[in-house]
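Just the one chain here, the form predicted on its own, laid out as structure tokens.
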């Protein structure tokens, strides 16, 4: 909670204690701004618990706190709701403290190290719109964690291992059987073979379709995958080439989206820990054999839904996806001192992570105090509510979505800009996409409409960018020295400041809920309030210097705050719009 609010809560708690009630006090923004800025709703529970008249108890408390310097007015509504209207001095002190150190509204002193697993693209496969949410939400949560005081480690966790890779290698082998990679006497020498990302985009769907349609091809792909996992020299060298080409393209797209990772590891990196982890699980008598597979039962008595066992090793000897995720936990907890591990994936993977977490915890593979947290998210659909498709009916590549939104932003928003036009349009497009994606609560499915989310007048990233750039322009045009608010002249200023008071609570709730929706709503609310203020007042031409300096300081605080919040969302601000 904001330190100024915390001080007032402490005073109210002391007053309650003098009345004989030792209670924790929390005040919150009022749902009746006409009666007060904040309200205290704790009187009714105290009165009920002690058999008292709530209005009498409320009046006793009001008599004790009404003369506090933070408060301009205190009144009682209904059966005992206490409304608090702050004094101008209280609000000005808060804003001037924020001007000196904006971080007082963000830092929560949460001393944790959090590992975030997000991104998760499959190597050799085109990044499509379905990959957006994991990277976007994960990146914003990482930035939020750092803002509240946590240390973070993030991993893209590439899908670079498993049967799909066997399919791709088989397709290349079918097309180019004479490549040295496929010779028995190959021992790692350089091969003259050109492979591009465009080649992989063409290879992957053909390879997977063939394998799905022909059981013999699928079986051959499984065999190649098994040999790859056992370091077949030719397959492994070709795999390294495939990974290098694909990851370079993945990095380019993620860079476009302002998404960054501490680690660029994948399932293959975790694979090195499989034997070590299996030895440990065997020592705990966790593994049993079933129809040739090695499994671990994870069902609990309290389960109300079917809970299948976790498969570690498939009947054909291949290592499962669940096993590599367990190996990832094994690796991470041995390499790093962690308090929590967060996973960002589609919410439909909840069963998978429930199984993995249960094995990790039941086997004591992880410290009992380590929290394993699955943060599932909903799907992004097209404007018709159906999955995003290309014109030919395929899943839309993420690069195509970025390009389409960029073209729309350039056409609609930059009619007169010529210098750096393409770069600015791309920055605006990324903002439009990211804000639209983070605006709904994390688990909610939503429809992305290009026209709606590039509108300058709606609850959009483009509106926020335009407004923030206008604040910066106003500050740059000012020839007046300003660094302090001395006066509150209008009701709209008061509303802005009271909204700023609530920022720390919003940041805390967003962190606790693993979602950015409240930050997005807050950012729109305070920006819209400022725009109303700007429309009603001529800041640069105001003749009263005290008022003008206060207005410019207010503008600077809101601008700085917008920059911080947009940065948490992973949104850059262009030089102009």
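Remember, it's a predicted structure, so these values are computed and weren't measured experimentally. Positions refer to the first chain, counted from 1.
Although it is not shown, the form predicted in complex with arginine is what the next lines describe.
Which residue, 139, 437, 493, 117, has a heavy atom that falls within 4.5 Å of arginine in the model of the complex? Comparing distances to arginine in the model of the complex, the residue within 4.5 Å is 117.
Fill in: 453, 235, 377, 343 - the one with a heavy atom within 4.5 Å of arginine in the model of the complex
None of the others qualify; the residue that does is 343.
Checklist line | All of 470, 549 and 551 with a heavy atom within 4.5 Å of arginine in the model of the complex | finding: No, the whole trio is out of contact, none within 4.5 Å by any heavy atom.
Against arginine in the model of the complex, would residue 85 count as a contact residue? Criterion: heavy atoms within 4.5 Å. The answer is no: residue 85 has no heavy atom within 4.5 Å of arginine.
Find out whether any non-hydrogen atom of residue 448 is located within 4.5 angstroms of arginine in the model of the complex, and reply yes or no.
No, residue 448 stays farther than 4.5 Å from arginine in the model of the complex.
Using heavy atoms and a 4.5 Å limit, would one call residue 197 a contact residue for arginine in the model of the complex? It does not: once arginine is placed as it appears in the model of the complex, residue 197 has no heavy atom within 4.5 Å of it.
Close approach of residue 81 to arginine in the model of the complex, 4.5 Å, heavy atom: Outside the cut-off, so no.
Query raised in the report: Which of these stretches, 410-418, 493-501, 117-125, 457-465, has heavy atoms within 4.5 Å of arginine in the model of the complex?
Result: Partner-contacting stretch among the options: 117-125.
| said: Need the contact residues for 324-338: heavy atom within 4.5 Å of arginine in the model of the complex, sequence order, or none if there are none. | reply: Contacting residue: only 325.
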